[in-house]
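So this first bit is one chain, no partners, the form predicted on its own, shown in structure tokens.
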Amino acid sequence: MNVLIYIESENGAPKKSALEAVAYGAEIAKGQVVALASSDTATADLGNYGADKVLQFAVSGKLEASQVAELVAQAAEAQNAEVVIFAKSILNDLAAPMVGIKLGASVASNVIEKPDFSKGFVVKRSVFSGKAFTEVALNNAKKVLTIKKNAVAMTEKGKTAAVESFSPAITASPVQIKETTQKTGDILLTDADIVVSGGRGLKGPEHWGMIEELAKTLHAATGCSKPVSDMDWRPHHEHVGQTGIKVSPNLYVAVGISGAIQHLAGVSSSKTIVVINKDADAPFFKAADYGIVGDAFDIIPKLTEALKKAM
């Protein structure tokens, strides 16, 4: 069973979630593990985490989802891949089902565990914003999976992947893509291993410096609750929750956020949740792994200073 993994990269390096997808592919493959990456992507980590071969393609500009689907489907056919793997992302969530249609494959998203081969090819999926799980049997000869972030343990294999060039036929995108620039040093919420979020308990945008300082110390992304973005204290792309960005970091720190059900739905997949709130009855404490009852304006500066000394 050959496996193909599509690699999303950032600043010339594979995203961590893409490396998790490679590690997943290496664990389930019974044949060759092939990574498909752009020509400007560094390949060392792809081999180290399990890829036997890297197909590198040259493309100018950003690819739209339908183009990614064309690219991946052609590579899958060329490599006789029975399983195609994506890391979960906005782009890949759109491209994966398109690949499924092109290959006549079964498709499963939000996969969190290796398949149960004793039942055929049965995968466990996260559903309802991480509040429940379901098992799905993929019965078609070919399968397309999207792997949820932080669901896979990454084990270094200590090997080097062979690199080959790949020249797919990609049609022009009917969609106009607008380039945006990420501020230097910013960590995207969807890629972050640690997220520090603030709520209305911070009393105003002028107090966000301490949240940013804590996030910088932890090498974390910053987020916020919906009321905060609605009041324009913070940009809307930082809104975490069911109607905003859903995150699943290893650590989620909520400061001055009461814990409305919509917010909880967007962070429930976090491995560890720390809540800091002066209201001991805040609903968020029921979902927290660790809680601190106290004034954030006293706690956060002291916590940041202690972390700086410890790191």
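Throughout, we count residues from 1 along the sequence that is shown. Just so it is clear, the structure is predicted and the values come from calculations on it, not from any experiment.
Absent from the display: the form predicted in complex with a small molecule. The rest refers to it.
Self-check item: the small molecule: the contacting residue among 48, 242, 268, 32 in the predicted bound form [heavy atom, 4.5 Å]
Solution: Spelling it out, the residue with a heavy atom inside the cut-off is 242.
Quiz item: From the list 282, 68, 273, 55, which entry has a heavy atom within 4.5 Å of the small molecule in the predicted bound form?
Solution: Filtering the options by heavy-atom distance leaves 282.
Exercise. Using the partner position in the predicted bound form, report whether residue 277 sits within 4.5 Å of the small molecule, counting heavy atoms only.
Key: Contact with the small molecule, yes.
Quiz item: With the partner left out of view, is residue 168 within 4.5 angstroms of the small molecule in the predicted bound form by any non-hydrogen atom?
Solution: No.
Quiz item: So in the predicted bound form, does residue 115 come within 4.5 Å of the small molecule, heavy atom to heavy atom?
Solution: No, residue 115 stays farther than 4.5 Å from the small molecule in the predicted bound form.
Quiz item: Hey, in the predicted bound form, is residue 296 touching the small molecule, heavy atoms inside 4.5 Å?
Solution: Residue 296: contacts the small molecule in the predicted bound form.
Practice problem: Tell me the stretch among 115 to 123, 148 to 156, 218 to 226, 79 to 87 that has any heavy atom within 4.5 angstroms of the small molecule in the predicted bound form. | Solution: Contact-bearing stretch, as computed: 218 to 226.
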